[in-house]
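As structure tokens, one chain now follows by itself in the form predicted alone.
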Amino acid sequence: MTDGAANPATSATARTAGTTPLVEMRKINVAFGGVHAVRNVSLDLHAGEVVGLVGGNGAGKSTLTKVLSGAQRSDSGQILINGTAVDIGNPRDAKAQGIECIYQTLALADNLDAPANLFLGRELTTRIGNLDDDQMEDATRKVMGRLNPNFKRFTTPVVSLSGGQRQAVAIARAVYFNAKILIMDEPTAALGPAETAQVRNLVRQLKEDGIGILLISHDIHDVYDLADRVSVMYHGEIVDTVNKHDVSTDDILGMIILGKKPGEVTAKDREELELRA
């Protein structure tokens, strides 16, 4: 186990102590027929914090994040934004609360360039109603200059961009439209080492800007590198939410596979984990 007090990265967690979370999900329940996809789940997220949400297939991660993004109604429970209860019944409601999702598929129009994707569906126009390409490109250059100063391919269709560059475009779109809370679904999936490093740097930049990030990933090392806290789901419930500096990656794997908190794992359980590794 790592000694969190010796690690300066714990300051991110210390900053959140006593502050009102950006998001609080309280006792969320979702059932499909007789199957409880999410059972009595509570979760919070602060400004400038990354919370990793992990769990095996069918653990309930996707359903829980769909509730926050407005894609799925909960059967019961409450969502608070900055301490105020809100009703999020659809994605438009979520966007109005500053919640944006960046899915693994990114939802980019491959034949369009970065500015066109940034403003897709929200295009800027001139006084006479024509598309204002210059203003959209200028705005894109400004936001990309902050997120990824090395990005230069503003007039290239995004289909020809690297995976890391495409992620940057999707993130820039969310940030430009005042996202305060980002749900990132497998942001480094299928990326090479260099592109993964690029996306990790983007996440760190977003943290510095005070954006709260809910990071869903199957890559434990990715989560462990980026997250301040980790929430583990197992069969629709939260096993535990831990400061990552207080646990090891093996502890997190134990929660994912066995549904047990670190202190509950027996020697026999550890043998099972080693066999599965």
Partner chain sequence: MTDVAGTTDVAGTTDVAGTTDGAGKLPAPEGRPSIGDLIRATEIDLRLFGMVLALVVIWVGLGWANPVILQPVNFLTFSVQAASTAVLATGMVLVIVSRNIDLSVGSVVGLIGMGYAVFMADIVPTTIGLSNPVGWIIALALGVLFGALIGAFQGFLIAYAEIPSFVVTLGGLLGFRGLIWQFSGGTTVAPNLPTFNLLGGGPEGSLGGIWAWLLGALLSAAAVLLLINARRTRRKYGFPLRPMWAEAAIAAVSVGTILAGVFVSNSYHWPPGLATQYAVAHGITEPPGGLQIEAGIPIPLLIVIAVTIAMTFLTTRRRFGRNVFAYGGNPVAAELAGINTRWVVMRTFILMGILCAISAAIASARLNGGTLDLGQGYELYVIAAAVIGGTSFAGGIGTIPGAILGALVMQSLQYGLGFLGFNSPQVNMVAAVVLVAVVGIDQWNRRRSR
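Numbering follows the first chain given and starts at 1. What you see is a predicted model; the values in this text were computed from it and never measured.
Below, we refer to the form predicted together with its partner chain, which is not included among the displayed structures.
- Taken together, the three residues A71, K95 and G129 all come within 4.5 Å of its partner chain in the predicted complex, as judged by their closest heavy atom.
- Partner contacts here mean any heavy atom within 4.5 Å of its partner chain in the predicted complex, and among 194 to 202, 80 to 88, 180 to 188, 111 to 119 they occur only in 111 to 119.
- Think of it this way: in the predicted complex, its partner chain has a heavy atom of just one of Q135, S162, T156, S76 within 4.5 Å, and the residue is Q135.
- At a distance threshold of 4.5 angstroms between non-hydrogen atoms, R141 is in contact with its partner chain in the predicted complex.
- Distance between the C-alpha atoms of G212 and K152: longer in the predicted complex than here (change of 3 Å or more).
- The Cα-Cα distance between H235 and Q104 is shortened by 3 Å or more in the predicted complex relative to the form shown here.
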